[in-house]
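Okay, so here's just one chain, in structure tokens, the form predicted on its own.
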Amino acid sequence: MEGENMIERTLTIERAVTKHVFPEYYEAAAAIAQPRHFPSPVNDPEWINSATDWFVESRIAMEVGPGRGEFAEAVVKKAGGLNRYYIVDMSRGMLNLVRDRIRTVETEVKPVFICADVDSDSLSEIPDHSVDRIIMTNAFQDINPLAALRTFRRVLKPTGLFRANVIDREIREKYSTEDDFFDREMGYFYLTRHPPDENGKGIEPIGYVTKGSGEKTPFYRMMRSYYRSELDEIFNECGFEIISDAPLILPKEIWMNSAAAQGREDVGTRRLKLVDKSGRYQSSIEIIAKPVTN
């Protein structure tokens, strides 16, 4: 199926590192007072209510990549049976935003903040087989799943569950325009914009993308999309079985209020036409996986 969607590659990529993003990118993002977010399920009240219900069924849980704390705030307010709540991010600035957001919430939930890059950090602070639920929202595209999932497998209980929304590569291929820096051969979207850092200095790019025209542009973040079949292979290799998958479809206004839609001249894109026609926005698949036990 993948081969049917492939076209001749029109991007040439140069990069000296394998990272998808560095902490400096998110430190700069944390310093912006009024972000224009990417389309995210945390901006959908229906999704966040359902997801927090699922999350607080557990006693010990972990969120990786908490953003500005929308989900964390909803979790500590709801509490449920949750006692210990690990909140993990590579950026201290983003963790501080979450900490400030939930500081005044009266709750029985104990938040534990961990600054770590799950691509390389084994999260040794968290005991083996101690976590009931793990969630990632709009963050799976930033990680090396073969590294991170093995760590998640270690900390999850045998009965634990992992949940994440994953960028749908088929959707990306179908609705990306020529102006998007989307690599149809590799499934990466290269983000060529970045937030300014607090010192006014530029963030170092992690690589460069050259279009067929010869134009060379620096990029600062790589967001990976996946075919559904790829996910099975990756999760199985890391000791997981995907037990649920469903399109994550968000209200139209979440797309229209995002950085992806605002300020763009190409308002007639196929993606926007689809959003207008259906009244909803879809870009990812939400999966739930469980550890495979011997």
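Note that the coordinates shown come from a computational prediction; the quantities given were computed from them, not determined experimentally. Residue numbers run from 1 along the displayed sequence.
Absent from the display: the form predicted in complex with a small molecule. The rest refers to it.
- Although the partner is absent from the chain shown here, 65, 90 and 118 each have a heavy atom within 4.5 Å of the small molecule in the predicted complex.
- Heavy atoms within 4.5 Å of the small molecule in the predicted complex map, among the stretches 183-191, 142-150, 210-218, 100-108, onto 142-150 alone.
- The shortest heavy atom separation between residue 240 and the small molecule in the predicted complex exceeds 4.5 Å.
- The small molecule in the predicted complex comes within 4.5 Å of a heavy atom belonging to residue 138.
- Taking the partner from the other structure, the small molecule in the predicted complex has no heavy atom within 4.5 Å of any heavy atom of residue 55.
- Not displayed here, the small molecule is approached by residue 94 to within 4.5 Å at the level of heavy atoms in the predicted complex.
- Taking a 4.5 Å heavy atom cutoff to the small molecule in the predicted complex, the contact residue among 250, 51, 42, 28 is 42.
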